[in-house]
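Okay, so we've got a single protein chain in two different forms coming up as structure tokens, structure 1 first and structure 2 after it.
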Structure 1
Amino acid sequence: MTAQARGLHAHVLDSLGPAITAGEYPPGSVLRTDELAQRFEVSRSVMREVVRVLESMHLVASRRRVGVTVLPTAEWNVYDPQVIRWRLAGADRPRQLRSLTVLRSAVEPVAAGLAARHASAEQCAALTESALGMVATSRGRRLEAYLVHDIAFHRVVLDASGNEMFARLGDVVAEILAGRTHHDVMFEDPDPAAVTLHVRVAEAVREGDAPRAEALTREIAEGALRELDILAPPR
């Protein structure tokens, strides 16, 4: 079973949440707690807890006498990791991936610049190690091993920035990178130029060269955007 023991409410949430983010209940739709409770075969108390959580994510609004209304997309807490996961698993995955990659392209260069100033010796070591790992697995269809190092690299950069908001984007970046490898077909070995850029970012951070770290990371990000334009053209 897929995490059944995590509680009844979590199970219902994992079913209803994706349904809403996928647009199965278009904005404006009205649901009733009692009806939902019956549909999912749980008690009203459990369903109420689920609705409360969805409400806290601004996916729905609950009003007396009218019911539970699905809110327009513009209201959703799109930074909630749970919501991100649900949407990445759903139909508008491509659009979502693009939004997130653009966010990445804005955040990561600045984070790298800060990392160059604040990174500890351990973080520099971890960064270099990850970069070397990427080099070592960049040829011979070792995409899975490469992915591990790639994720580790970007996580360290975000952590080393010393900014809490940046650090919390580590999971999002991991999700994006994993998605690129697993869903969006990636037959070939990773772009050698990108691998080199990662190595050079590690160097720049180690040397405390913030402008260079930022510029190099911007190149990586632009590469990712270009790649996305090719694999999944906008519009």
Structure 2
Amino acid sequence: MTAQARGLHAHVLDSLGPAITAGEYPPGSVLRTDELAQRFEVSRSVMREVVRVLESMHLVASRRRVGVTVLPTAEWNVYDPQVIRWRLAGADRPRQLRSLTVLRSAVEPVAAGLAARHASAEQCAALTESALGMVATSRGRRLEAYLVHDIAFHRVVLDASGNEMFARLGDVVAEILAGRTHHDVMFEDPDPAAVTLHVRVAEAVREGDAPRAEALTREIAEGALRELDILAPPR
């Protein structure tokens, strides 16, 4: 695929994907690839590539003599980072954020406890570095800089758990954190108590204190849910 074709592919995908996840094409809707190719002014081959990506996310299914059909929400790959990003960009953002944050609250405390048992010296150092980076960028409305360290911190926790299933959730957590920042579901400066908790988690992991690492991470998750009650209350 040429660079131009890749650009067209990305443009169509970033238009059609969010439209499907926002409900503009309800489940059962049939998408005609020829019509879509005309609408987006792209070739049929580009449109076929877009459909293949949407099929890999289980958003649509191609059926002979029927066309491309939008699948029920229950069949979507809701762990796909791009699907998460599209859903967080839609009107259902508060519910999505809550659902994803509950997922985090179930997984990350356990991962932190495991990290305290299994983290390497390098991972402990990376965790401390990320926590200190969060402290350094937590004032002055520097949310984008803070986000970089926040994502890095949570990736290390999941990786250091030694559990490959938890580690694969790194991209999911990254999209949740990025979605909160990019859709203004964060205070202008992060909660100082939450920032301090991250530093304490890094200390607990470094000291091999699994119960404390798990408890502190649970406090972080509970605090994130309380922030959602204020900044993105359920409708």
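Numbering runs along the sequence of structure 1, starting at 1. These figures come from a predicted structure and were not determined experimentally.
- The form predicted together with the DNA appears here as structure 1.
- For the motion between the two structures, which is treated as two rigid parts shifting against each other, Ala126 and Trp76 do not share a part.
- Between the two rigid parts, the smaller one rotates 15° against the larger between the two structures, as C-alpha superposition shows.
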